[in-house]
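Have a look below at one chain only, the form predicted on its own, in structure tokens format.
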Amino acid sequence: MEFRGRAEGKEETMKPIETLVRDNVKNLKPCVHGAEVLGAAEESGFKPEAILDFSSSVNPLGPSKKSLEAAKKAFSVIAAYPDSNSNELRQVIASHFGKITKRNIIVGNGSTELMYLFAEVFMKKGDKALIPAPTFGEYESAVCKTGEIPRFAKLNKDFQVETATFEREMAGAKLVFLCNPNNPTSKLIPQETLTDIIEKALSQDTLVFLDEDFLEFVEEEKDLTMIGNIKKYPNLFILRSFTKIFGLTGLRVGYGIANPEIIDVLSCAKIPWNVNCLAQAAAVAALKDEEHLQVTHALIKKEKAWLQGELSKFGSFKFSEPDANFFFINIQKSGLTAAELKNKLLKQGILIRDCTSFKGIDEFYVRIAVKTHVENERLIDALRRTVKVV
């Protein structure tokens, strides 16, 4: 399409906008996600607040009251620029984990910003990035935005990383993305496998981007996190988020932990004032509210066990015990595709995640989050009306 305008009585034309776009951006497509509540409401006729969203795996209790109060108080400073480096928040994060300082931390506008920033900073022309499949789709988008094409390593039949296969595919890679627990499979990477990959990567100067966004839903988090190993592994960058267990989804706050050399480079490359004052204040308060986290952990443990028991009664559902706060289910024996089951449940006001968009799996997988007991009961009732229990 050409654009036309008038200047001094003459008609002017402009080249089609697509000819002005950078080549590595032309073919980018939006990544598909869960939590499409507004679209689901338009499709189903339900009001957004009437839809139970099981497609988004966040804290079912929402953010803590203390974090909301902190955000409200921060309105008093909304006329000023926020701290561009999120210094107070970085210090609170460092104190929370211990053995690290704020020099080991960068804060982003959601963890997704840091995925894109990391790829932008470290991927040069001709560099290779390795990504498991299936996993979170934004890793691929972040690499493609740099102009490079990622390589994929398919998970095994149990949806686990095969060490030998992955390390073979990793040869010559500049960057590796790993998600632990993995999204959408809800499976932890065995510690031995994870350590072997990081050490192999270190030996060949490969950077490892390790996404631990869902690890805080795992009881053994403190034993499983790799945060205590950043000095040992200078090639390691660990991603965390205030979106998932802290429930500050709409405020967009994420952070990364690595050695100061990596953090300094990323901090120079990030956009200024990337995290607003409300988000910074809410995140500080959320991290300090240990009581809310304890209540959340107790709820997730109890409801995940209950939901697993109920879902197991559906003979046409195939899944293994989840490590995170969501279930990854093969529904092929139900006679429905993921899209069909999603549509049938949406007609009952319930939204689940159709996992067809994830690379490396077919059209028969869904993802279902753990929510409160009343909400989980509604899900099971809706499933019973839709799928035979055999």
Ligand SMILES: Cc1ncc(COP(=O)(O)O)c(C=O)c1O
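Everything numeric in this text was worked out from a predicted model, so none of it was measured. In case it trips you up, residue 1 is the first one in the sequence shown, and so on.
Below, we refer to the form predicted together with the ligand, which is not included among the displayed structures.
Undergrad: Mark residue 154 yes when one of its heavy atoms lies within 4.5 Å of a heavy atom of the ligand in the predicted complex, and no otherwise.
TA: Looking in the predicted complex, residue contacts with the ligand do not include residue 154, since no heavy atom lies within 4.5 Å.
Undergrad: Whether residue 187 contacts the ligand in the predicted complex should be assessed with a 4.5 Å heavy atom distance threshold; does it?
TA: Residue 187 lies outside the contact set for the ligand.
Undergrad: Does residue 280 reach the ligand in the predicted complex if we count a contact as any heavy atom within 4.5 Å?
TA: Contact with the ligand, no.
Undergrad: Hey, in the predicted complex, is residue 243 touching the ligand, heavy atoms inside 4.5 Å?
TA: Heavy-atom contact with the ligand at 4.5 Å: present for residue 243.
Undergrad: Quick check on this chain: which one of 235, 86, 104, 183 has a heavy atom within 4.5 Å of the ligand in the predicted complex?
TA: Comparing distances to the ligand in the predicted complex, the residue within 4.5 Å is 183.
Undergrad: Counting any non-hydrogen atom inside 4.5 Å, which residue from 288, 318, 145, 252 sits next to the ligand in the predicted complex?
TA: For this set of options, the contacting one is 252.
Undergrad: Thinking of the ligand in the predicted complex, which stretch from 131 to 139, 259 to 267, 168 to 176, 301 to 309 has heavy atoms inside 4.5 Å of it?
TA: So the stretch in question is 131 to 139.
Undergrad: Please determine whether each residue of 111, 115 and 213 possesses a non-hydrogen atom within 4.5 angstroms of the ligand in the predicted complex.
TA: Contact check passed for all of 111, 115 and 213.
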